[in-house]
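First comes one chain, alone, set out as structure tokens in the form predicted on its own.
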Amino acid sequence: MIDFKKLEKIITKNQKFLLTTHVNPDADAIGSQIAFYQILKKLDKESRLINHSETPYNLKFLDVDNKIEKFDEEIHKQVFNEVDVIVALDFNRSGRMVRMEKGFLKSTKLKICIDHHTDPENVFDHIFDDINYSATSHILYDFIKQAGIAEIDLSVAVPVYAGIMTDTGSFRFERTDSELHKITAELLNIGVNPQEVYDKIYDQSKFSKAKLLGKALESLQLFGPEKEIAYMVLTQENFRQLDAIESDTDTFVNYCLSIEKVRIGIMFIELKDGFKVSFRSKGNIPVNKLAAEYGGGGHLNASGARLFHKRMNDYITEILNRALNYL
């Protein structure tokens, strides 16, 4: 169980906070970051919100105060030592901060992690981590309720709901139980409009995203003797042709699992400085262990890895063959 009393003490005893989340942030990453910021704001604490990646266009509505900054080494080189506490939200390995990692590791300030993924790295002073939670935003909800540290008003409820809704696949993945539905019912009673949140996240995509999905589906192939692995590949040329961005690919890999008999879905995305692999699975197939083989991690059925300065084409066949071992 998470020691919420300890987290409460850290917040109350300190004044200046740096909040950050992982590269290519999703709705739980931004949602938990904004929810934590709103808690600090209610307590008259100072905070900076700085991420390696720019906030995806479909998630900017969560940042109502326009507080999130994109990391610039020249502008932010001193920020890691100008705060009392550095808070890592929705990730537990420093490599997921990418260009921010160097400053983070060098900082002598208190470092805490709030997350719901497996195998946290030993680079934090305190880890508030529990894989039984559906989302990091879910952890923050429980923290607020148990500690009574702040009011859950609409400014907190919307980002918390967005994080929970997306990380549960719109309430269809594991850890979606009756208690979670009670929480979402409370958030709706506070004023969250579920249709509006869903629409802004999923139904306001740029034309380039729809075209990029077409490219991904065009690349779809089956692999293995029983055709139980489906995979897709996107190249930098695909992104350039369509003026698309990495965050446009969110949820694309899920299409792999919609094919009959497929139990593992994999998406390979070429980046400017390497490539990214997203893994999805059905049942008890631990793709988080497969991701860990390549320095990544995540959940049992949803994980990923980023390989910097590596050629994607040199690894596709290898990773597909490694995946066969998990069937």
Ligand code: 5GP
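A residue's number is simply how far along the shown sequence it sits, counting from 1. Note that this is a predicted model, so its numbers are computed, not measured.
Just so it is clear, the following notes concern the form predicted in complex with the named molecule, a form of the same protein that is not shown.
Query - Contact flag, N51 vs the named molecule in the model of the complex, heavy atom cut 4.5 Å - result: Residue-level check for N51: no, no contact with the named molecule.
Report task. Answer for L62 alone: is it within 4.5 Å of the named molecule in the model of the complex, judged on heavy atom distances? Result -> Output for L62 is no: heavy atoms all beyond 4.5 Å of the named molecule.
Query raised in the report: Does the named molecule get within 4.5 angstroms of any non-hydrogen atom of R96 in the model of the complex?
Result: Although the named molecule is absent here, R96 would touch it in the model of the complex, with heavy atoms inside 4.5 Å.
Query raised in the report: Does A302 make contact with the named molecule in the model of the complex, using a 4.5 Å heavy atom cut-off?
Result: Residue-level check for A302: yes, a contact with the named molecule.
Query - Contact assignment for the named molecule in the model of the complex, among Q38, S278, S281, T55, heavy atom within 4.5 Å - result: Exactly one residue meets the criterion: S278.
Query - One residue of K111, H117, H76, R175 in contact with the named molecule, assessed in the model of the complex (non-hydrogen atom, 4.5 angstroms) - result: Checking each option against the named molecule in the model of the complex, the one that comes within 4.5 Å is H117.
Requested in this report: Would you mind picking out the stretch of 65-73, 256-264, 39-47, 294-302 that comes within 4.5 angstroms of the named molecule in the model of the complex, counting non-hydrogen atoms?
Outcome: Comparing against the named molecule in the model of the complex, the contact stretch is 294-302.
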